[in-house]
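One chain is shown next in structure tokens, namely the form predicted alone.
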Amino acid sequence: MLDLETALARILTALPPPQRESVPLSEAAGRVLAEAVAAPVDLPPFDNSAMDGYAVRAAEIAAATPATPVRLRVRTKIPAGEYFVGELAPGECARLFTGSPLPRGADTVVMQEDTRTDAAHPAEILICDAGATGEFVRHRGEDVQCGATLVAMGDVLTPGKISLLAATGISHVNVGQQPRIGLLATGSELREAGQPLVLSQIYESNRAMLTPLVTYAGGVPRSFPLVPDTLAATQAALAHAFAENELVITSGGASVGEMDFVKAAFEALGGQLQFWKVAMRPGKPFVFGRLGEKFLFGLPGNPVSAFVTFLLLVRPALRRWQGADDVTLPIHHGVLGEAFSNSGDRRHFVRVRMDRDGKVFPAGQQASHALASLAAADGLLDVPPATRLAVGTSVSVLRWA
């Protein structure tokens, strides 16, 4: 039985190098960059005004006050998107708006609130406040300089990064290809939602849960029909799923029971099992196998076990497949609002909820079939074996959203 870190290292080492593809920036949210992107232009690309006002020479308004304003002639008006080809002469200013290019001869912007007009001299403006050189001016390249790295290889494209790329005129990016993932659920007791149940049957929920988890991790999921507990049916379902996907995720049938056929069916297809036990709770029976350049992730059938093993072992693989450098879950720091204990010999990833003050509480019943506590949870707390954590202990909570 492997510890979690060893199991994850084996998975990540086995994966092939990421393949790249070019996609429009408008479709790149959440994708992983396959190469660093350098700025093709300065940002801003020219000196411009940070607000509505007047472009002036700072030296000419150094003594301006409301009581003793400085009078300047308005040479031109420059709306955003236009520019002035000339140069301001001494005693002149230009009317600007937010984003207007700063004309030659000016080095400062005075906001319009610090000016007033003179009805007797409509071509002039009274400057009522001294301005320092460069005040309210967005200087060329002050945000990003041409040639600077905008986003590094292996970074995930967030809305903020996409905005930055778009602002420099980039329309397409090279990203890691998304893995196609087949989802199989095994179990003769399982029924599709909407079908009538008889005694001993249950509705299958793992594929519905795994589909958004795969999508959030950047994969392209496809659910396949339910698989009854026979070797022939399991082998046929695996063959079908592997024919159309790079990765296959199964739930159920991964343990050592008489009706657990995933491992045997996979080996019958020519697959090689890499390992199938991990020292964690929930989720001990976890299968990882290889079929040529394709991979099997066999999750436990209990929904909480499937959820936890996906987050800790499958999600990192999906991110690394696309070239992501950081494949870890987000961490939020908190303080225990209740005591936690683990008397077992395996790490226990407890479902927890965090309140607005950062206090951490159990989300409810911790049995691996208990979905109500999973729905109430917003994180996992890693409690080591034979450990008791007292109220007030500072902890790190693994988050999935």
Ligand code: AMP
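Position 1 is the first residue in the sequence shown; the rest follow in order. Remember, predicted model here, so these are calculated numbers, not experimental data.
Below, we refer to the form predicted in complex with this ligand, which is not included among the displayed structures.
Contact with this ligand in the predicted complex, judged as any non-hydrogen atom within 4.5 angstroms, is confined among 154-162, 195-203, 124-132, 270-278 to 195-203. Residue A185 is the only one of A185, A237, V314, L88 with a heavy atom lying within 4.5 Å of this ligand in the predicted complex. Only one of the listed residues (P300, P179, G289, G176) places a non-hydrogen atom within 4.5 angstroms of this ligand in the predicted complex, and that residue is P300. Contact between E246 and this ligand in the predicted complex is not found at the 4.5 Å heavy atom cutoff. Shown alone here, S251 lies within 4.5 Å of this ligand in the predicted complex, counting heavy atoms only. This ligand in the predicted complex comes within 4.5 Å of no heavy atom belonging to V308.
Among residues of the shown chain, D107 is not one whose heavy atoms approach this ligand to within 4.5 Å in the predicted complex.
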